[in-house]
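A single chain comes next, written as C-alpha cells; it is the form predicted on its own.
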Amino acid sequence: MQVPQGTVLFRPEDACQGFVVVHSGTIKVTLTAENGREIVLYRVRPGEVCLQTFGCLVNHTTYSAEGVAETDCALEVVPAAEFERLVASDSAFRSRLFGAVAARFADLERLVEDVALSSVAERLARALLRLAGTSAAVDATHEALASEIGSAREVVSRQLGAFARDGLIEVTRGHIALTGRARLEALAHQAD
C-alpha cells in the first residue's frame, strides 16, 4: 500500500492489524507522556522492525506509542496469522526478524543511555547532525527538536541560542544552518 506523509499508522490503544514491512520511506514512532512531552523512540526504514508492532503481535496487546509516516511510504502489512506462521515455519524469515529486533533493541538502549547520560548540548548536536545528513541545514521547529532529544522546547531554544552565539549554527524560523559542522561533530562525540 502507498501511504502519504503525515498519515497516522497507529496510536496508543490501537489493535495491531499485522506486521508492517517498509519497502520505502520512513515511519517515526513517538511516545507521549501524560504531561504532553514527546520523545522520538525510533524511525522504521526499509529492512528495520517496528518494536511496537512486534511487541503487539507477540504479546497480543495494543500499541502504546504512535507511528506516523514521516515521508511518503510504500508498506506491506503481513496479517497476524501469516506472521505467526512465518515465525514458526520459515527459518530465514525468523532469522532476519530476530536480527532486526536485536538491532532495534540496541537502538533503544542507545536512546536511554543518551537521554540519561549525555548533556542537552551533546544530544542536540547529534540530533542536528543526524537530521541534516549530508546537507548543511535542518528544517525543524524547536518543538520537533525537543521531541528528538527528549527535552523541553524552552531548553532546546536556549541551547540553540548558545550554539548560535558560538557560531555553530544560524537560526531562522524553522531553519537551522550548520555553520560550524566540525565543532558540532566534536561536541556530538564528546561522550564517546
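Position 1 is the first residue in the sequence shown; the rest follow in order. Keep in mind the model is a prediction, meaning the values are calculated, not measured.
Beyond the structure shown, there is the form predicted together with a further copy of the same chain, which is absent from this document and is the topic of what follows.
Out of the listed residues 141, 157, 32, 26, 32 is the one that sits within 4.5 Å of a further copy of the same chain in the predicted complex by at least one heavy atom. A residue is said to contact a partner when one of its heavy atoms sits within 4.5 Å of a partner heavy atom; residue 153 fails this definition for a further copy of the same chain in the predicted complex, lying far away.
a further copy of the same chain is not shown here, but in the predicted complex it comes within 4.5 Å of a heavy atom of residue 112. In the predicted complex, at least one heavy atom of residue 38 sits within 4.5 Å of a further copy of the same chain. Residue contact check for residue 42: one or more of its heavy atoms lie within 4.5 Å of a further copy of the same chain in the predicted complex. Here the marked residues 74, 132 and 163 all miss a further copy of the same chain in the predicted complex; none has a heavy atom within 4.5 angstroms.
Contacts between stretch 96 to 129 and a further copy of the same chain, counted in the predicted complex as any heavy atom lying within 4.5 Å, involve 97, 98, 99, 101, 102, 103, 105, 108, 109, 111, 112, 113, 115, 116, 117, listed in sequence order.
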